[in-house]
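Only one chain is given next, in structure tokens, and it is the form predicted on its own.
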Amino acid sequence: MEKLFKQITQGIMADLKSGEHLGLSFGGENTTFARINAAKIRQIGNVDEADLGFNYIWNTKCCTGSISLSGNVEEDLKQAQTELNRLREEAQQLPDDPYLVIPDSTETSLNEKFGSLPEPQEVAAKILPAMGQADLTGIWASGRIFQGSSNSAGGYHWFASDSFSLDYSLITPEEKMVKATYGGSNWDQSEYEAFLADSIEKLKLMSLPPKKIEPGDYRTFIASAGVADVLSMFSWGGVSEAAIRQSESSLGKMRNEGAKLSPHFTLSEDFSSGLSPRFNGNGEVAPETTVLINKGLLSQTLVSSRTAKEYGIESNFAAGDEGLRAAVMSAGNLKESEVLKALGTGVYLSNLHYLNWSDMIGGRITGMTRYACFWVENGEIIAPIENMRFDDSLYNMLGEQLEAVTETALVNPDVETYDGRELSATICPGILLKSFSLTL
């Protein structure tokens, strides 16, 4: 794949004329998928695909395009040249872009990460026995993901990584569910079996008679997967500098009114895990770590070069949408083994679902509890709870109501496949809240 990208880059850049600038972005994967139902593999398939994105600039005009690649260099280069000509014609019809960013980075990087993945023919033997008699439905995905960026100034970056994920739900005869994702780059059979055994134990608890709790405020523990869902909201009306300046951010109160979150809460854009590439679509390389919220105080935001140009500030080479690409929440000192004891009596939430802003500017998030969520009394799980809607402010959840943070931050891989498998992941611990608002 890297050879293909390099050959297309060399060929298409040589075709540029005076006054033209071009950025190319490459995305692709070689993936083995397996669909699992009732703990049996029902369907398998392989995806070998690659796409090439164009960011074409002519004088003060800019337009974008993309093509799918076949893997045949001559054919793909011909397609790329056709797309370039199409963009040339389109650009002539467009107005000037006052905040145009010319891709002028000349940095280069080559980052190839090799993991230890089960061979496709080994997958069934590796993952099915541990499921036992459990009713498990899920998707297995494993293989190599590629990402590249190049530009007409000479900048060139390549990132490739091996990874796997098993995203699954365990289901009782009463259709109560436990949901989890096991993922990584190096397969560990013992770790996988222990992870799945923990889910099966939770499923047994889901078979207990459910407890209906009334709307109200409850002492609550949210496990790492649920916290990752909350942090995902920071990529939408959160840490974007443009969103704050355009009054479309939940963090505007921190910038403009001095609002604070808890001293227990620190959020960073941190690429040190190597799970995501540091370069963006313009080939600009972000700092390895950017602390965004430091012990409850807004420290920095994500600033793209376009936003920097528009507002006359310095870019930290965020992605164009200024969303989180490598979110890391700092761990605390609450031991995992003491979570239930520390919770005492209240609600244990393994997952959250269907999150949305109910009041973006006010920082209020709504969503549903789902899957393995329990009522706990005196440090013991008593019963699963019926699904509840929550509606609470991040200034409560991650602010004055945040009592403690677990000492282990877990990797929550992004398993979405809308435009191909994702390279991103959220690394975060669980959180213990003094109060959390369940509304329906």
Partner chain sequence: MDLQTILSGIDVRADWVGLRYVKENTGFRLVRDGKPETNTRESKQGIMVEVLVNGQFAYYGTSRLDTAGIQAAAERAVVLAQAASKYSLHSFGIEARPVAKGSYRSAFQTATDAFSPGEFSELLIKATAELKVSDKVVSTNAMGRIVESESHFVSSNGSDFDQQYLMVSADYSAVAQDGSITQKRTDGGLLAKSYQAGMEVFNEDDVLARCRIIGAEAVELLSAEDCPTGIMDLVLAPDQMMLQIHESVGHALEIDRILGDERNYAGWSFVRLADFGKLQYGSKLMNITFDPTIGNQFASYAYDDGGLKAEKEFLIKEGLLLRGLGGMESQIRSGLDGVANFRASSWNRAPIDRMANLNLEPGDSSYDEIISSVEKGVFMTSNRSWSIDDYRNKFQFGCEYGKLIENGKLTKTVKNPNYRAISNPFWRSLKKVGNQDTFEVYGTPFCGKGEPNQVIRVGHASPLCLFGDVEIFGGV
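In this text, rigid core is short for the largest set of C-alphas that superpose within 1.5 Å between two forms. Just so it is clear, the model here is predicted, and its values are computed rather than measured. Positions refer to the first chain, counted from 1.
Although it is not shown, the form predicted in complex with the partner chain is what the next lines describe.
Enquirer: Is the partner chain in the model of the complex near all of Asn46, Asp97 and Glu416, within 4.5 Å of a heavy atom of each?
Expert: Checked in the model of the complex: all three residues contact the partner chain.
Enquirer: Sort through 330-338, 216-224, 146-154, 169-177 and report the only stretch with a non-hydrogen atom within 4.5 Å of the partner chain in the model of the complex.
Expert: Of the options, only 169-177 has residues within 4.5 Å of the partner.
Enquirer: Just to confirm, with a 4.5 Å cut-off on non-hydrogen atoms, which of Glu107, Glu248, Glu288, Asp104 contacts the partner chain in the model of the complex?
Expert: For this set of options, the contacting one is Glu248.
Enquirer: Considering non-hydrogen atoms and a 4.5 Å limit, which listed residue (Glu380, Asp51, Glu407, Glu400) is close to the partner chain in the model of the complex?
Expert: After the contact test, the surviving option is Asp51.
Enquirer: Using a 4.5 Å heavy atom cut-off, state whether Trp158 contacts the partner chain in the model of the complex.
Expert: Result no; Trp158 lies far from the partner chain in the model of the complex.
Enquirer: Gly367 versus the partner chain, in the model of the complex: is there a non-hydrogen atom within 4.5 Å?
Expert: It does: once the partner chain is placed as it appears in the model of the complex, Gly367 has a heavy atom within 4.5 Å of it.
Enquirer: According to a 4.5 angstroms non-hydrogen atom cut-off, is Glu310 in contact with the partner chain in the model of the complex?
Expert: Yes, Glu310 is a contact residue.
Enquirer: Using 4.5 Å between non-hydrogen atoms, is Lys78 touching the partner chain in the model of the complex?
Expert: Although the partner chain is absent here, Lys78 would stay clear of it in the model of the complex, with no heavy atoms inside 4.5 Å.
Enquirer: Heavy atom within 4.5 Å of the partner chain in the model of the complex: which residues of 59-95 qualify?
Expert: Residues within 4.5 Å: Cys62, Cys63, Thr64, Gly65, Ser66, Ile67, Ser68, Leu69, Ser70, Gln79, Glu83, Arg86, Glu90, Gln93, Leu94, Pro95.
Enquirer: After core superposition, I'd like to know whether Met131 moves between this form and the one not shown (criterion: C-alpha shift of 2 angstroms or more).
Expert: Met131 C-alpha, core-superposed: shift of 2 Å or more.
Enquirer: Using a rigid core alignment, state whether the CA of Thr289 is displaced by 2 Å or more between this form and the one not shown.
Expert: No: Thr289 shifts by under 2 Å between this form and the one not shown.
Enquirer: When the two forms are laid on each other by their rigid core, does Asp48 show a Cα shift of 2 Å or more between this form and the one not shown?
Expert: Where the cores coincide, Asp48 still shows a C-alpha shift between this form and the one not shown that is 2 Å or more.
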